[in-house]
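We begin with a single chain expressed as structure tokens, specifically the form predicted on its own.
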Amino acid sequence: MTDGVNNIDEDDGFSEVVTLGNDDPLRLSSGEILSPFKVAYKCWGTLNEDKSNAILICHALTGDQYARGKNPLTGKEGWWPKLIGPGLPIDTNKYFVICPNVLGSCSGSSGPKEDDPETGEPYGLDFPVITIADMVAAQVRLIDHLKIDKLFSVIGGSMGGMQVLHWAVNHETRVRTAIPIASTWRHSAQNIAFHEVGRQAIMADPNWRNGRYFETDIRPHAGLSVARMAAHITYMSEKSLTSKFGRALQDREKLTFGFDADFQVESYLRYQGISFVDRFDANSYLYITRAMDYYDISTNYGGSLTAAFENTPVKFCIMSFTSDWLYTTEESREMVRALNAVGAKVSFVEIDMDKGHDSFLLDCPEMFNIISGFLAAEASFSGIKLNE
């Protein structure tokens, strides 16, 4: 069942929201049942005759399905415009590219912001707690809906990389290649701690109203803004913050000896927080950060990362950044070592870039070249006939 199509002419892509699970409910990791549920997604390019050129793009925490082209919700450009498109590394003249909005988010897929079919009102906290596995399970249903048996590649950064890894470990027969970027195989105590600060900021806002703020016209913007500010610090590096701001003052020549934004870095973080609340839902932030905290791909394999990768047929290309202290290069190396231990096919690159975790979203020619070359080599090796 399709709820609607919103064509976007400038990049030949199309957006759609599909309702799934009416006849086959989605059983979540918690044991809860979701039926029906919606998946919002956007596609670019053309599926080839044998449906072997499909690439799934997985977005990060606050991302959405609008990886390229104009986002109709914000009016801004998509978040990976230099990577996806005609003639770009993920060439939409050659590949059929699919980018779904994750379960629990707020851009059309089922989540706390969407209406509960039983009540007609937004779910709020009545929406079941979800995991990365649940997000991927919904994506599997989408791929089934599109009648694609096997994805040529699954690609994503940060939380998107977690989804990539879950696809590769738990749906390995349906994935040819996996490209997790700036990601990790499980959330660390430090990662969980930062997320808990953000969640507490939201829940401490009196306008949160125990998640039922949708009953009023007032939203918990203050709490969500602080959560975004705290998280944004983790996405940058100390070097990038220093080079961009240092201790420069904001629109003044001397200190005010008050609590206004004396420093440029303070003003920047406040802007990040204020602009974020206009495009993201506070409850969705709670749900998605919790899903990331629960994430550990070794859970079903006795806590062994090596066992999780055993007998995998998937070819991996893992990338990290030197200045990423949120998901470090060492965490990527742990995955590489585990893959090597089971004789899996894996390539690994650490990219020297000083912009921190968010490097994967920035203009990074080395990353672009690696992705382009990896995909082209695998298509040639596998004899996959790409679109011309």
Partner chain sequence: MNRDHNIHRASDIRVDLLLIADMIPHGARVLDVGCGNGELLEYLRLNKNVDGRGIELSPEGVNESVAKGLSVIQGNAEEEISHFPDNSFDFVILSQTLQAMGRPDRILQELLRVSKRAIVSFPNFGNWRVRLHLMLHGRMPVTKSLDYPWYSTPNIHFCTMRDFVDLCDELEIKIEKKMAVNSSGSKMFFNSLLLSNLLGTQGLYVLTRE
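Positions refer to the first chain, counted from 1. Keep in mind the model is a prediction, meaning the values are calculated, not measured.
This next part talks about the form predicted in complex with the partner chain, which is not shown.
Visitor: From the list A344, L34, L47, C43, which entry has a heavy atom within 4.5 Å of the partner chain in the predicted bound form?
Guide: Selected residue: A344.
Visitor: With the partner chain left out of view, which of H195, K94, R228, K315 would have a heavy atom within 4.5 Å of it in the predicted bound form?
Guide: Filtering the options by heavy-atom distance leaves K315.
Visitor: Would you please decide whether D363 lies within 4.5 angstroms of the partner chain in the predicted bound form, comparing each non-hydrogen atom pair?
Guide: Although the partner chain is absent here, D363 would stay clear of it in the predicted bound form, with no heavy atoms inside 4.5 Å.
Visitor: Is F348 near the partner chain? Define near as a heavy atom within 4.5 Å, in the predicted bound form.
Guide: Yes, contact at 4.5 Å.
Visitor: Just checking whether S380 would be counted as a contact of the partner chain in the predicted bound form - the rule being heavy atoms within 4.5 angstroms.
Guide: Judged by the heavy-atom cut-off of 4.5 Å, S380 is in contact with the partner chain in the predicted bound form.
Visitor: Would V336 show up as a contact with the partner chain in the predicted bound form if we use heavy atoms at 4.5 Å?
Guide: V336: yes, in contact with the partner chain in the predicted bound form.
Visitor: Sort through 26-34, 315-323, 55-63, 355-363 and report the only stretch with a non-hydrogen atom within 4.5 Å of the partner chain in the predicted bound form.
Guide: Going through the listed ranges, the match is 315-323.
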